[in-house]
Structures are given as structure tokens and as C-alpha cells.
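Read the single chain below, which is given as C-alpha cells and is the form predicted on its own.
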């Protein structure tokens, strides 16, 4: 005789959401969390506002935002994607709003709204939550040994995020891991000549590193680069940058909306039209004056600049090289690249192919998305599918 229908290990977004959905379907559920608080990443996400999902309603387009796991998530996103997430929270009293960049937040702008919604549903549906707990052992079956008690269930869901214990339990039950490395981090460029321009945001830039490229808003910082373009690049290049120990050359294209040839022609035309002006005084790009002054180092009139120098300037504006020497965690959005290999999971149910009754949800899987609500959607989607697949004991 089991104590519960389902034991969930992990009190983050995936674990609590799965517990709630399973309990709503009449299952008896117990959540075990090692920390003294639940939903800690939900609390800090989006600057304390909680970036719940993204306003992209085509599953194929949505799946394209995952450097790892896009193929596996495509089917699940058809069943429980961003629209279903919006609807679920609306049905439980939380309206979401979409911002210009597609990120979706509760209309209260408070992550606590999401936390209280989930905890209220857990309470209403009598989810038993134990915290903080220390798990000594998990036996097949599943018997979970705590310090002063043993609890059991025919189904076990691991929603432990990037915690090493979760990986170890997965391996205990026959799973293999893609080695975990950081994803979504800012780029340290200590030798950058732009460090004094911290706070300037370039609305459209293209960054390239190790064969990966991303375009978008770029934030200059006192240590290098941040903002959507840098964070997305770090996600796609997470493994190759880790292999290089975060030492690599980053190429920045400050004018991605035009080609080198087009920029060169503009410069040559400016020289002809304004021979007695300084290039730094001509407002011919959308770049800020401070940044423009840092990018070009000339106090000569345009007519004094040889054409070949203007050609070189054009090339440097499109291929400006900075040396990356390390990374900095983007605390609000930090996720892990790596985890339990997707081919060992049945994504129709989120059940293990290796151990019947064992399920997975969230970041413990080798799935990670770029910044913008995609990682939480992975949690909601995989948790919902797992919880919907588990039957009453």
C-alpha cells in the first residue's frame, strides 16, 4: 500500500505546477523540497515580476527558441503551449499581459501573484508539502527515505532543476546526462575600450562567437556586454564557450541593418558632401554620440581621410572584435545547458524509458531556452504533460 499516488521532488515551478495539476485530477500528491522556501526562481525572475511565458502562439516558432530540446518540445507545445498557460492562469484568477518584446507578466507586475496562485491551488487540492527535507535514499518502487520517515508512491516525478542530487537520482535509475554547463550569462570583456560607456543600450546589434550569431538589443556594461543579444548568444554558444573556458573573440556588428559595402558607400558620399566636417559630428547612424566617439578615433576633416581609411572604418563597424575572458551569471535568468538526455524520455508522457513510473519535468532535462519566458514555459509544459499522464494508484 502506497502513501501517495505521486511524489514530486522539487518545489520549483515545474514541481509545484505538476503537483497542482495532478492533485486537480484527484491524485494524492506529496512534494519534497530541500530548501526552506518554494518557487525561489519564480520569485526573482524578470526582476521580481516573473516572466511567465512568451506571446508566441505557433508551437514551431516557439520551439525555435530552445538551443537544446526544440525538437522534443514541439509535440508537447501543441498540447500545452503559451496559450494554454495564459488560459490556465486566467482560470485561476491571474491575468497576464504582453510587453512589446513578447515577454508576458502578471498584470500586477509581481512574481508573488504567480506564487500565491500556485500555492493556493496546492492548498485547495490538498497537496502535501514537506520542507526542508533531506532525502537519504530512493528505492525502486518508489520508497523515499527521509531522515525520520519513509514515504512511497507508484509514481515519482523529478523536478529538481540543475541540482546535483536530481542528476544523481536520474543516473541511479539508469539515465545518462549531457554534462551540465551554464547558459544565459553576460559576457566579460575586461579589455574592452567601451567599459566607461556602461548603461548605453544599442537597440540593434549583431554578435558572433564560435560560429553562433544573435541579433538584438545590446547593453554595454562596466564588465563587457549584456542585454538580449548577449544572453541569447551565450545560450546558443553555451557548450562551445564552456569548452573554450570562456576565452573567445566576439565580433560585434554595430550596423547590422546594412552591408559593409553600403556603409562604405555612405562614408564615401559623406566625404564628398561634407569635406570640411569631422565624421564624429555627422549624425548618420542611430548610435549614441558617446558610443560613436568611442568607435572612431579621428579628429581629421573628412577630406583628410584617405578612402582606404574609410573602407577600414566600415569594416571595423561591422566586425568590431572584443576578447571575452570569462562570464558573469545573469542572476534573474540563470539556467543550465545539459541534464537528462531527451532521447531517454517519452515526451508524450514525460515518463522514463528506463524506469516505469519515473517522470521528469523542467530544467533537469537537457532542455534550455533563451531569455524571454521560454524556460518557464518548458517547466509548465513538461509538468502539465507529466501530471496529466499519471494515473491514480
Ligand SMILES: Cc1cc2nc3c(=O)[nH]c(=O)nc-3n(C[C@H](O)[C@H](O)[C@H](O)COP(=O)(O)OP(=O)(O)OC[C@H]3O[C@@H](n4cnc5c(N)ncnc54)[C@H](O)[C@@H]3O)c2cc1C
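Because the structure is a prediction, the values reported are computed rather than measured. Numbering follows the first chain given and starts at 1.
There is another form of this protein, the form predicted together with this ligand, and it is not shown here; the text below is about that form.
Against this ligand in the model of the complex, the set 187, 210 and 323 makes no contact: no member has a heavy atom within 4.5 Å.
This ligand is not shown here, and in the model of the complex it never comes within 4.5 Å of any heavy atom of residue 315.
Although the partner is absent here, residue 29 lies well away from this ligand in the model of the complex, with no heavy atom inside 4.5 Å.
In the model of the complex, none of the heavy atoms of residue 225 sits within 4.5 Å of a heavy atom of this ligand.
Though the partner is left out of this view, residue 135 does reach within 4.5 Å of this ligand in the model of the complex, counting heavy atoms only. Here the chain stands by itself, but in the model of the complex one stretch of 351-359, 56-64, 33-41, 338-346, 33-41, has heavy atoms within 4.5 Å of this ligand. Think of it this way: in the model of the complex, this ligand has a heavy atom of just one of 112, 139, 95, 165 within 4.5 Å, and the residue is 165. Along 45-69, a non-hydrogen atom within 4.5 Å of this ligand in the model of the complex is carried by 45, 46, 50, 51, in order along the sequence.
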